[in-house]
Every structure is written in structure tokens, then in C-alpha cells.
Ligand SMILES: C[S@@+](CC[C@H](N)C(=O)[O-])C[C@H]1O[C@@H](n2cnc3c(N)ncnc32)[C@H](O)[C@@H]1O
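Next up: just one chain, as C-alpha cells, the form predicted on its own.
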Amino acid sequence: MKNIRIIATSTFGLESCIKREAQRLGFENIKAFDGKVEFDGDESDIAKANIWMRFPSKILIKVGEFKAVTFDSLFESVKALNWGDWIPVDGKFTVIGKSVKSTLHSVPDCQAIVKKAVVEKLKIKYNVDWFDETGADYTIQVALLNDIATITIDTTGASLHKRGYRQNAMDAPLKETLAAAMLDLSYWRKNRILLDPMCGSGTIAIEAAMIARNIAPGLNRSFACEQWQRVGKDIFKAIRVEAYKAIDYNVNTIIYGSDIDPDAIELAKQNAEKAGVDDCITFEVKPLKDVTLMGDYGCMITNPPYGERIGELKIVEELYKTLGKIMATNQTWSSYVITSMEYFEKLFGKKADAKRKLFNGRIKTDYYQFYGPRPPKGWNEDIN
């Protein structure tokens, strides 16, 4: 029975990507809200979401939701929830919180009250007066928005963007979840050439290769709920076995990544090898001015420098002008650029067909999308 309400948290602008992904994975009763997508599932779906979802930051269990405008009502409502369904007698639990536009605006006070309420409920459940908290970790969150408290438990642990392949990164790295979403929001598919001419440590190219090869993004990392009694390692093992079987080692995809920095390219190669896709990507040291478009109907997707440091602006403006000139050499290509520079289109030399607001970390950006023509019917059918 699918009686667990699961929340996939989202950075601003990626909710639609997560909703489509939840649909593709077969989850039920899917609803999108600002900053999150909810769906019904069971313990196996918790593992499936953590291992397979490319765009969320966390996978949470929704324990309860209610209006709370006093500390007494918060305490009583939290105490009424079935904490013993998830937290065993030896469970180690911490409480984190946030409050936006709510009467209960003191987050530390809310955290303390939720902790006390959970303890009081578990005392009744297990008939004990003291908890050693020596077992698995359970992170509880109280999130208040417009006086509505949503109480969750984090099943993920370290954020889902931490796939495990990127041990090191260059300055201002693009999160893996955002890179994957940029691909999802583009016309790129595994039978089309992909180019990132300012690839840095290779995140966009690696995420594309993982999508093309159908490698689950969470396959090679661990999750908090693997240590829980109710979910546990056996469920995760079964999902991982199926995920390994689903990998397509025979896919024929063409992905290029280049950068002017030799250290960045060396790092990109190392990251691709850790991700198991080094044979899918051609990385090379190359200044932007020397980049050429090979083949037709390709997609250029990149996260260039934004020119936010003193002295960089003129250099970045020239990069954007050069990028526009390169893309103008082949009208069949589509271009996708994420940047915080508000006059990017003027430098690129073309008005975007679409523009989407996204956050790259704490930086507010726009994702500029320039569409090339649709490939003719039957084009590149021989590519898997």
C-alpha cells in the first residue's frame, strides 16, 4: 500500500523537471508546489527516489502538516504524530527548522519544542524515560510557511547533488542537479551532439553521459535511511541491482567538453572516469575562439563565467560575443546558456526563444534558450 507521502525538494525553477521525473518513475498522486514535489509511495519508492531522481536536493518523508500559531499548538500537534512508526527506541534524532512569514518566527524555539514533543511521544511508545540515541540518524525538519507547519524526516542525508564522482571542482562549480535540469530543459537527446565549450570540471558533459547511458545518479553513494529499521539496506540493494541491470553500455553518444584551463580538463577527465562515462566524452584543452561546431542539429549547453569578480567583466563580455559568433556558424544547432548577466542577449547577438529564471547556488540567473530547427524525420536513427 502506497501510504507514505514523499517530498522531493527543489531549488527554484526546477519543480516541473522533478514532476516529469516523478511521472517517468511511476510515482502516484504527484503534486507540484513552490520548492517541492509531493507523491505517494512505500519504502521501496523512498529508495527508488533517492537512487534515480536527478533533479531534487532531498527526499523527505512527510510526517504531518497543520496550522501552528502558538507554541502550545505546535507541541501538541507534533506530539500527536506517529513517531514510533519511524524512529526506534535507540534512534538518534536532531531537529532543524525554518520559518517564513509565520507567527512562530523563532526557529531555535520551534526546534526545541518539536524535539521535546517527539521525545514525549516516544516515551509513551517505548515506556522509557531516557533515550541513549546510539542508533541510526533521523533528521527532523519543522518548516513554517504562512503559519502552516510541515514536519518531515530527511531520508537522504548529504544533498542529492553529491553523486560521488566529483571529489574536487573548480571555482564556482555548477551543482550536478542543476546541470541535469539544464539538459532536461533543452532539446538535447542522446542521439544529438552535445558541446560544452567552457566545461570547467565537466559537470554538464558527465551528467549528459550518465543520462545517455541510463546510469542512476545515486547509484554509487549512500543514504541516511539505509540504516533505518523501516527502510534498510535490503530494499536499497534490490533497487541498486535493478539499476545496474538498466545501464546501457552500448549507447553511442557524442559529447564534447573543452576549456582553456588544462587543470580543469584534467579534473573533468578524472570526474568522468569516477562516474563511469569517460569513454562517452571527449575532453580537450581549447580556448573558446578555436571551438568549431562539428555535425548538424547539435546542442551547446554551458555555464560560462558571469563576470562577477572585479576586472573580469570585459573579458566575460568578449567571451559572450565570441560564443554568439561561433553558434551563428551553424543554424541547425541549439544553444543554452545560464548566466546572471542581464544583457547577455545583446552580447550574444540574438534574442532568446525562451528564458527561464533559475538559481545557481545563491546567484539569481537566467537560462537562455536558442532553438535550432527540428531534425528531419529519420535523422540519426542509427544511434541508440
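Quick note: we count residues from 1 along the sequence shown, nothing fancier. On a predicted model such as this, the values are computed, not experimentally measured, just so you know.
There is another form of this protein, the form predicted in complex with the named molecule, and it is not shown here; the text below is about that form.
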Exercise. So which stretch, 237 to 245, 222 to 230, 282 to 290, 143 to 151, is the one near the named molecule in the model of the complex (non-hydrogen atoms, 4.5 Å)?
Worked result: 282 to 290
Exercise. Does the 4.5 Å heavy atom contact test between G257 and the named molecule in the model of the complex come out positive?
Worked result: no
Exercise. Looking at the partner-bound form in the model of the complex, is C199 within 4.5 Å of the named molecule by any heavy atom?
Worked result: yes
Exercise. Would L174 show up as a contact with the named molecule in the model of the complex if we use heavy atoms at 4.5 Å?
Worked result: yes
Exercise. Applying a 4.5 Å heavy atom distance criterion, does R166 contact the named molecule in the model of the complex?
Worked result: yes
Seminar exercise, completed: Answer key, the named molecule contact in the model of the complex at 4.5 Å (heavy atoms) among D137, D261, D184, D278: the residue is D261
Exercise. So which of P88, P305, G97, G157 reaches within 4.5 angstroms of the named molecule in the model of the complex, heavy atom to heavy atom?
Worked result: P305
